[in-house]
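Shown here is one chain on its own, the form predicted on its own, set out as structure tokens.
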Amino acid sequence: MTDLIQKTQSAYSYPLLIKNLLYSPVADNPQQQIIYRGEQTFSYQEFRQRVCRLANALSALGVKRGDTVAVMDWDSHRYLECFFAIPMIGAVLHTVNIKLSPEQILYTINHAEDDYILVNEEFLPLIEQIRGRIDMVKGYMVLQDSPKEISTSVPLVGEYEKLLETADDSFDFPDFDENTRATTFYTTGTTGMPKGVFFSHRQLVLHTLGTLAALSSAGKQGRFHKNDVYMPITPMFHVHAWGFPYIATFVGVKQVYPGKYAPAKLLQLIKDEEVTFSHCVPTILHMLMNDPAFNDLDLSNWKVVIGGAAMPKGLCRLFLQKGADIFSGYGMSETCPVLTLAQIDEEDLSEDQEVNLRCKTGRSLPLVDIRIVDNDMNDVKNDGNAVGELVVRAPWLTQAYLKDKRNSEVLWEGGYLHTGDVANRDARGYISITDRIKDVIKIGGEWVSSLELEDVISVHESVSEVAVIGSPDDKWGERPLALVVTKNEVTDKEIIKHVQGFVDKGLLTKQALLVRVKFVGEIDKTSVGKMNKKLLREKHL
């Protein structure tokens, strides 16, 4: 029988805490820069001091271990400081989704039992609207880009910068159990009220290490390293900006925070600050493409991970032609989130083969156990064709929904987290999400993937965006309905002829030809830029 590892009484067990992510970058590269909107610059040494000042300011207000502190801000250096200071004192960071409706924001504030809220001045009118129904909040700290007098009925405990100015720039952050909850936020599903997910210090540290291991071990393509310049274009309220601010800080790279997203500003920052690594949803790329400055921008040094929705091949091809190293990643709010990355090891690929691989869901990260299973939790074949539900185990998955036992049991039925995504995996380990279980279109007893049909239609030269939903049909049960936003004039017959070409090549099932085309002005999105297919069904069926 193997004995357990013994240690002396004085040995240090080193709990995996967020504070430990700061040791190396601050000690080894204290003058590295963190930039806000191209207007303010802080060194890593100053960043560490500001984290300590924020910890002292919060402690002076009465924030203690176990309290919940909410943040409502655009992507900023302040938000990054909150990513560290709040959990490092043992409190819980609640990143409020500012794109939700006032009623949903109210629900998340009360459900999370927030004790204090750090709120950008732009959102004070929203707080004024709902404050009478907020249950537990003890005080509000206002965040401003430039100091000025504010007229508001919200009882403010002070302004962020002024409170930091008077606080001590050192703080002895304590050790505590690494399984202590560090963050919470709410899913952006299209049914019911948002569900709370939460993550511990241990989970966030392991997610940082696991994702970095995958990114830094890449030979050439999709590699993240200490000479990169990082800028998030995924909101920091959404799954900690996919965890990348923790990764960037841990590595000690130059970081750029853009504030409120505006295409011209994002493109300017990419150019002026020589940004080399970002991540976003496809909607953001469409937004950048439509700005006049896009055409003259050199993207040959820009690596960008696309997630949150399937990346259309046409979009991938366009950005590759601009020189960008664009590739997919996959995860969910419940998974912290990164589970896979579509990095390419193969050489001598044709353009079509390369686009196809970059648009796949990718291969699993270290420590991630992904299975593709049938209804009885049996593994399907890894032949690139057999489909099933993607279920997963990893050390950084939410262990439950906050205060929601019933949905938590459904989420973890059978000991694996159920993603609700239909997928296949080929012999090389590349996974492809083919649909959400609830979005699969059932035509005469056969399943047709709405994502595959969207992907085909999206590469038509006249199509800007497309969403495919199932519409009721007396004969077939369901038929695909393609909602198409055009770049220039095109007819529905031309779209269907385009689909016919893929059917003739055996790349789509012939049932895809039952698609109906409807031209629309826009595709409705959720608060984080995903297609809102529930709303699309309500509007167009």
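In this text, residue numbers run from 1 along the sequence as written. Not measured: the values here are computed from a predicted model.
The next section is about a form of this same protein that is not shown, the form predicted in complex with a small molecule.
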Can you confirm whether 310, 334 and 421, the three residues that make up this candidate site, all sit within 4.5 Å of the small molecule in the predicted complex, judged by heavy atoms?
yes
Decide whether residue 436 counts as a contact residue for the small molecule in the predicted complex under a heavy atom distance cut-off of 4.5 Å.
yes
Would residue 238 sit within 4.5 Å of the small molecule in the predicted complex, counting heavy atoms only?
yes
Answer with yes or no whether residue 530 is in contact with the small molecule in the predicted complex, where contact means some heavy atom within 4.5 Å.
yes
Applying a 4.5 Å heavy atom distance criterion, does residue 361 contact the small molecule in the predicted complex?
yes
Spot the stretch among 256 to 264, 302 to 310, 142 to 150, 454 to 462 with residues whose non-hydrogen atoms come within 4.5 Å of the small molecule in the predicted complex.
302 to 310
Out of 408, 188, 221, 283, which one falls within 4.5 Å of the small molecule in the predicted complex, going by heavy atoms?
188
In the predicted complex, which of the listed residues (243, 470, 329, 232) lies with a heavy atom within 4.5 Å of the small molecule?
329
